[in-house]
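The form predicted alone is given below as one chain in structure tokens.
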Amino acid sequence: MSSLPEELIPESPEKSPCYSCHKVLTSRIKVHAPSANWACNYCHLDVGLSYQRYETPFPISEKCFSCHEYRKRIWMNKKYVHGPTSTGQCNICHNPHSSNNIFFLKKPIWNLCISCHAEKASGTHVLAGFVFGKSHPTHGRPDPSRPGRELVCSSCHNPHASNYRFMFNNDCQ
């Protein structure tokens, strides 16, 4: 991971011109490093237009990959790449400022996945009848591959990229 340039980090949060209006962005449990350091200009570009003065590049992934370059090397070399990842829209799933969820996700994993894949929420999943009898649960059960954790979509599927159809986790990266 790259480190933030020191010249972008204010002496204290209060010294950031963004702090007084946007301090709520760092009020959640997990705070992303640029936000925690109030290095807003690392991601937001001053384009000088009053109605959109501090833009974020679109797609945002190139900015994200400037720190998370190892992820780009791994994911973009996989056979199957999830839509938000392939289009560079990390912020569809992740909150780039802070989150109360693991990995800065906008919602808990299962809720986030079913917001696009609603058909998987019913409990009748592609393996229905094969493993669990009449229905294959998609949450609310212990995760057989990760003791002590709840079964969620990422128990079986990689949310970014995979070399296997249906984004299976078989390659564990």
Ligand code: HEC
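Just count from 1 along the sequence shown to find any residue number. Worth saying up front: this structure is predicted, and the values here are computed from it rather than measured. For clarity, a rigid core is taken as the largest C-alpha set superposing within 1.5 Å between two forms.
From this point on, the text means the form predicted in complex with heme C, which you will not see here.
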**Asked** How about residue 12: is it within 4.5 Å of heme C in the model of the complex, going by heavy atoms?
**Response** no
**Request:** Tell me, yes or no, whether residue 99 is in contact with heme C in the model of the complex, where a contact means a heavy atom of each within 4.5 Å.
**Result:** no
**Asked** Would residue 162 count as touching heme C in the model of the complex under a 4.5 Å heavy atom rule?
**Response** no
**Message:** With a cut-off of 4.5 Å between heavy atoms, is residue 146 one of the residues that contacts heme C in the model of the complex?
**Reply:** yes
**Asked** If we check heme C in the model of the complex, which of the residues in 93-121 reach within 4.5 angstroms of it by a non-hydrogen atom?
**Response** 93, 94, 96, 97, 103, 104, 105, 106, 109, 110, 112, 113, 114, 115, 116, 117, 119, 120
**Message:** Is the shift of residue 15 between the shown form and the other one large enough to count as movement, that is, does its C-alpha move by 2 Å or more after the core is superposed?
**Reply:** no
**Asked** Can a Cα shift of no less than 2 Å be assigned to residue 165 between the shown form and the other one, given superposition on the rigid core?
**Response** no
